[in-house]
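Just the one chain here, laid out as C-alpha cells, in the form predicted alone.
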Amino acid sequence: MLELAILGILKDQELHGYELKKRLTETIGPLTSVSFGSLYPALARLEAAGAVKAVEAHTGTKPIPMTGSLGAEVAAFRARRGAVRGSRGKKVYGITGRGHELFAELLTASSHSPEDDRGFNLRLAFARYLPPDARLGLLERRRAQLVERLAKGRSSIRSSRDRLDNYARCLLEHRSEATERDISWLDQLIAAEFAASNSQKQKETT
C-alpha cells in the first residue's frame, strides 16, 4: 500500500522526502502515520526496482565577491561551504518509466482485492488512473461491502438492545448512520460513472 501511494503521488511531481511524507499523510489519511522509518526503506526498494529515481539537490551559490579584505572573503567562503554541506543528502524523488508501469500494476491488482476502509480510500484517491470499468467495479464492490456491514450493524442493534446502555446503543446507531451516508455517497459516484460512460458512448456513435 505504501509503495502504491508513493508512486501515485510522484506521478504528479518530484518531491523531497519531507514533502512526500506530508503528501502521503494527506492522501492515506491523517489517522495513518507515515514515519520516515517506513518511508525511506520503501523508497529504497522502489529505487532498487528502477521505479523511482533519486537526484541529490544542491542549492546554487553565488560567487564570493572580492572585497579586498582577506578576513571578509574567508568568512564568506566558510559560510558558503557550510550551506553546501547542509544541502547534501537532500534528495528529490521522481517516478521513472518502470515506476509508471508498476503503479498501474499495483493499482489494478489492488482494485480487485478485498476492501478495507484505508485501502479503499487510497485506491479511490488514484481512481482517475483506472480504466472506467475497473473504476466502476471498485465502487460497486465497496458498496456491496457496506450494504453487508449495514445489515450486520442493524442486526447487532436489534439483538443487543436490551443489554446495552444508552451510550453503547447510540454508538452502534451512529456507525450504522455513517455507513448509510457512505452508501448514498457511493450511489452518487456510481451514477456519475454511468453518466460519463453513456456520454462517451454517445460521442463515439456521432
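Just so we're clear, the structure is a prediction, and the values are computed from it rather than from any experiment. Numbers for residues come from their place in the sequence shown, where the first is 1. We call the rigid core the largest set of C-alpha positions that still match within 1.5 Å between the two forms.
Omitted here: the form predicted in complex with a further copy of the same chain. The next part is about that form.
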Interface check vs a further copy of the same chain in the predicted bound form: of V92, L106, A125, A134, the one with a heavy atom inside 4.5 Å is A125
Does any part of V55 reach within 4.5 Å of a further copy of the same chain in the predicted bound form? Heavy atoms only, please. no
Is S35 a contact residue for a further copy of the same chain in the predicted bound form, using a 4.5 Å heavy atom cut-off? no
Wondering, does E193 line up within 4.5 Å of a further copy of the same chain in the predicted bound form on heavy atoms? yes
Under a 4.5 Å heavy atom criterion, is T96 part of the interface with a further copy of the same chain in the predicted bound form? no
Three residues, K11, Y18 and A49; all within 4.5 Å of a further copy of the same chain in the predicted bound form via heavy atoms? no
In the predicted bound form: members of 170 to 188 within 4.5 Å of a further copy of the same chain, any heavy atom: C170, L171, L172, H174, R175, R181, D182, W185
Please check if R163 moves between this form and the one not shown, taking a CA shift of 2 Å or more relative to the superposed core as movement. yes
